[in-house]
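Next up is one chain by itself, shown in structure tokens, the form predicted alone.
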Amino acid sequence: MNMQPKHPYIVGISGASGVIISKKIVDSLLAKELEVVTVFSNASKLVWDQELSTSYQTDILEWSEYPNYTNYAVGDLTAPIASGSYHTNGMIIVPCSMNSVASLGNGITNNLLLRSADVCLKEKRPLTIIPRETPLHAIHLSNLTKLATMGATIMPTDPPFYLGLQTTAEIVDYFVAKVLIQLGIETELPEKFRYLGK
């Protein structure tokens, strides 16, 4: 039997609010038995511990029980995902700080998170950016436009007010379902999130 090689999805987590979405995305990918690689920026670890009821170390330990999970240190530029010759299914940066957006938009790739994203851009692999900042000034918009022009998908965390979702958990679940469609893992939203009109 010809077994096709499995390629990982990279989840980069930078230092911005919204790490609850990062956790849910990694949980969802692992639950589907997909290969997952995470890279935490140093600032993201502080945000993780502030915003969630668990520490990032605890979550990494739990994820490490899956054989299809790997975490690399943000300073490890020898990791395979730093090379274009190592194939991946692409990358999502969630949340993506404006510092990371600016660095990527201007070719500054001095850590593994940025280098991995830059590899996706140069190899024409999917790169999804979930920016976390509001309001956006002209420099933010210019840098996001640069990334979109280079092929990245920009997905702001806009809640679907028309669905009448009541809790943060529901909004996160909806957004993660949208991300899974964007990554080509799912083809449509779960029925509870489909807008059927009035």
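Please read these numbers as outputs of a predicted model, since none were measured by experiment. Position 1 is the first residue in the sequence shown; the rest follow in order.
What comes next is about the form predicted in complex with a small molecule, which is not displayed.
The partner is absent here, but in the predicted complex a heavy atom of Ser97, alone among Asn71, Ser97, Thr128, Thr109, sits within 4.5 Å of the small molecule. This chain is drawn without the small molecule; in the predicted complex, the residue among Ala169, Leu163, Ala43, Ala148 with a heavy atom within 4.5 Å of it is Ala43.
Contact with the small molecule in the predicted complex, defined as a heavy atom within 4.5 Å, is made by all three of Ser14, Val47 and Gln50.
Only one of 28-36, 153-161, 128-136, 56-64 lies within 4.5 Å of the small molecule in the predicted complex by heavy atoms, and it is 128-136.
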